[in-house]
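The same protein chain appears twice below, in two forms, each given on its own as structure tokens and labelled structure 1 and structure 2.
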Structure 1
Amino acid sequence: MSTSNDEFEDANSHNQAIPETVTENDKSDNSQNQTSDNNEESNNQDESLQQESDPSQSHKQEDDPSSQQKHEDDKPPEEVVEDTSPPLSGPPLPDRSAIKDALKLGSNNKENVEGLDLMSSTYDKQSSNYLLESKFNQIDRSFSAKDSKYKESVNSGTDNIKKTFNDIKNTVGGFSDMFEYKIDWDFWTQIVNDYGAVIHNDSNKLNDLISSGIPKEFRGIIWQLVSKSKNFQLEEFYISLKAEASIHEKSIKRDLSRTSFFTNVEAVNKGEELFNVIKAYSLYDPDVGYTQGMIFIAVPLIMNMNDAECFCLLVTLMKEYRLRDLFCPEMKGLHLLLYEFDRVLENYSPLLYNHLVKQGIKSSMYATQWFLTFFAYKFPLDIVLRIYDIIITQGIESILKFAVNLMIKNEANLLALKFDKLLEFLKDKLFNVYINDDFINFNGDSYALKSPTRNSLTGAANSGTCYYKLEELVHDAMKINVDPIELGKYANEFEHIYEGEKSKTDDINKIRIENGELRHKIKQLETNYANLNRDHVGIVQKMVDLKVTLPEILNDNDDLNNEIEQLRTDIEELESKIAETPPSSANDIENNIQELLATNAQETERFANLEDEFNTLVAEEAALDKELKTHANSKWFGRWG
């Protein structure tokens, strides 16, 4: 990939180079979030490391001129901030270069917070000049730290923009009389030609002019010029990225089709271009990839410049304006901004702040969408464009001015509302206080139901017939004091809270894991216990059974014993009987045999006699039979004849 991407890789290598400063807490987190760290953030890590170590080591940083530069420039305020926290106790503070730059307006060597407080009274908080200047300084310094190729590329981009401006001036400028509003071409030309000089010499007028809205004819040009975004090298890179496929393509397409802002873009045939810009960014910065909200950020841009320029400005907003911190996976930048918002609001209206707290409403519930989309999510485009004018010239913190101002302007309304109505109001009614009186009369009391400006393509800056009192809105917002010193302190507090929360979550996670292990053990023990219990029950049952059968067995046993006794006596008796009777002699047997033989002989003789007798009887019977037959025949025939 080209140079622009190298910067992110560069950042990563820096992170890896300083493992010894990373606390235990961090290490566990690094695996996921290290890569998402912003370039500047890691530079910042280097800074704090340098401050703690031997200053002579700083020559090692020569390969990274931007870090070197920052280190020198930022040292005084950095030290002050570091004073309040134990050195190297946690990760270094996020880069607050815009604020630090502002701190240096009055003096260069402030040793303590009181000194800073004193200094903070030296600049006019009623104007936003100090933010204008600090943003300019920051962009300028960051630019001069870049390599010559980059500078050359941006410089030729700037030349190109200047040329475009002159073209516009020559074509449109001649017809100035036809506009309802007047464009101060001379002053804008000065701005285009040397923005830095105007900042130094005429910052009040510049501030007024920008607060009144950059003319729509060259709004995109001023944005690019102030942010030094137009960069031919990056534009070329964009052209090559445009042709590549991104894993986020599907999500981007899906969200484009369901973004109502998109209809505006499509009306000017820039749908395809917007898609390409978002897709290219997802490829350019894979750690951030695509996040819902980016489309909203890019819509006002694409409507004021071509797609390559839009890509460059988006990249610049992400990197130089630290918008990237808001979109990176942990969204730490968002949480910081929300915290700062809470504190500034608390300062301005403790009553309102406490009311919100009591109603259980956190700023993240309603302000997340303001900050992630620069108010583009729900609010009318012409308001959004004015907000962009301020953010691009004054830096991202200036969004707090708009946010807090809207809260203060609606204070009475908000104080009267409870939880759900309050949230509803915060969601889409805050801008109603700035609806033009004409429209309120026209629409009766149900004002703000339809805002025609959502459909306007480029916004009607300076136009007299605007739906919203834009002048008043911006003017009021600019009066809100977003004091860089206070912001610095808030950021410091936030860092402590954030780290505390993080270590708490780490602890909770650790405990959760332990808990899980213990639960596992408990389960094992429970199954063991259940098994033992089952065995125990079995054994008890057996015991009971045994107890029941034991008497029976005992009885049986007694019976058997008795029987044994009985048998024993029987045996004794028999034995004694046997002892009494004399043993039978062979003689007796012989006698018996003789006797029996004699009896046998007698019986044989008797049998023979009986046989003879039987034979005679048989003969007699035969004779009698014969006689009977003859006798019977005569008898029978006589009777019937």
Structure 2
Amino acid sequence: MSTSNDEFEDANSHNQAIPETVTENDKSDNSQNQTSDNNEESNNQDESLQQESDPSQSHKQEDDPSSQQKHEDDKPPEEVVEDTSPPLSGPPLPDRSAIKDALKLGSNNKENVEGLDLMSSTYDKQSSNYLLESKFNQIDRSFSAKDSKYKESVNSGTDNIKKTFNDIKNTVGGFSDMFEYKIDWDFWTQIVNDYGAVIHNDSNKLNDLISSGIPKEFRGIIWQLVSKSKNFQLEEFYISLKAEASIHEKSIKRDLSRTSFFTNVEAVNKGEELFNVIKAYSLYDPDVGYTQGMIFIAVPLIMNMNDAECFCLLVTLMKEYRLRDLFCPEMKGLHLLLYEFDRVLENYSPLLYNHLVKQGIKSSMYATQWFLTFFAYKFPLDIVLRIYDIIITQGIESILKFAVNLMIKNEANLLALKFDKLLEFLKDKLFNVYINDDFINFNGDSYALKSPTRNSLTGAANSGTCYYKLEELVHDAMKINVDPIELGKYANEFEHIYEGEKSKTDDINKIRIENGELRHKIKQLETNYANLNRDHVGIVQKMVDLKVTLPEILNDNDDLNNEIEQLRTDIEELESKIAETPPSSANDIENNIQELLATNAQETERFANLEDEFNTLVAEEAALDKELKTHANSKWFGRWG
């Protein structure tokens, strides 16, 4: 069962914006570490790093070539032939100084040391079931820290599912011979009654049973029991939440129909319950809200319990198993898993790890969907349920076993490929190693895959051969051992790198804000400068115009000054003449004026008389015209007319 790329496009788009927090940091200061095609420098760096973190191991590694011999034995046959090809192109090996600094934090940071000491106490160093024991103790310690009301609700729920298990045992336990597989009811009863005692006393058998798959008849009960998720208070809260509306409803309904597992859900009439669980969680945790990857996470849960129990287990996985960090906006948990994956892969196969680095392949390019969906986007439901058995009992870190195992199984093919073909293989062909031989057509050195049937993908009981080799896949993955202490160290390294990158990002954002403010001030200054420049140009133009008109003004001024001088001269001459004129002349002038006034008065009177005569003549003329009009119709005039 394989889904199309667009089926996961929302989750992918949610990831495409993810900054390369760790891998970008690894690229810093690469110029000091550029080497040729061989890996001697990288191996020396690894050895020096191990010596620095644990000096007691340095001489042992020098004397014991077992690790080198192991890698030589694991090489494919073609690697034995001398390679005369040119050095592989690609980025240089990553700088390990950041990792060294992070490891040194263990001795300087008291909190980190205490955290690692606490983690080391969660499992037995002599056992190989590291994650199984560690996860149980972590959940138990977290549960002990809860308030009494919460404990009472969970304990009550646990008693309820124990009763349900006993009812199932009493009902179908006598028909075990009819099942396809044998169920060890006695041991599973011990697990249900006292899971902690089984962990401490018989963890190897427990691990084998879980790796073989929890029986589907009570898989949901074991999941809830191990995770301590059965909570009546939370179930009541879910009932109220599912009745409310969510802004994500349309997106959830759209993605449900596009998710391949939805056909499995619809087959058992749980489509509406799955919708309610996803919607309720989007309301319960608004910071996360909803992303498409949640459907892949919730489908295996709803297939093994009712919707209220599914909601409680989903909340527990998000909070106690830290799945929430995978879906938060920063997706810090996803970055951490990718970083831990890189480090575990480096430990198991330094050759493959360095090859990927040289080719510029980052785990975020191909492994993001693995961790966001627990391989549900690729594998059929039966395989995903088996993966969930491991995750719920061993923690989210156990997904690294499946991821690293896939890489190791394909190591020979991956080492022979370069960037484009390598990335294509990682995305599309990595899982082919576990396709059942019945679905492969061999033709000499080549092969072709048959199209799987729906039954073979879903792992139906009556389908005959399944498309994937389920048991082999889980068995191989369980061989990959992951030490919680090492994961704790990786987490400390990642946290140090992450905080450094976050600090750089904060500084960059602060500088960007300051830069924006400065740009704004610059624009204001530019505007003010433009205004001043425009005013300056106007003033300069006025000065130019003034310089042009100044000579004319000066000439006019000279002319005026000359006129003034002339007038002054004339005034002085007149004053002098007036001063020389005798008083009698003034009297004569006065008499002349009086005579002229008298003459003017006479003329005025004569003009008035003439005007009166003119008016009289006009009146007479009007009278004559009227008289003529009066006699115009007389016979005398008519006869002559």
Partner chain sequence: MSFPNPATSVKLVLLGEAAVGKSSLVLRFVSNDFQENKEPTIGAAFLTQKCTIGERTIKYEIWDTAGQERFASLAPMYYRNAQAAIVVYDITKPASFIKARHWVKELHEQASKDITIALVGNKYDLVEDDTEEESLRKVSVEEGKGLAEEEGLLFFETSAKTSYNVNDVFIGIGSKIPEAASAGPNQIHQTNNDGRIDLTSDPNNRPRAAGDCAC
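Throughout, residue numbering runs from 1 along the sequence of structure 1. The term rigid core refers to the maximal set of C-alpha atoms that superpose within 1.5 Å between the two forms. Note that this is a predicted model, so its numbers are computed, not measured.
Shown first, as structure 1, is the form predicted in complex with its partner chain.
Relative to the superposed core, D556 undergoes a C-alpha shift of no less than 2 Å between the two structures. Once both forms are fitted on their rigid core, the CA atom of F431 lies 2 Å or more apart between the two structures. Shown in the overlay between the two structures, fitted on the rigid core, is a CA shift at D420 of 2 Å or greater. With the core fitted, the CA of L352 sits 2.5 Å away from its counterpart between the two structures. Core-aligned Cα shift between the two structures at E620: this is 52.1 Å.
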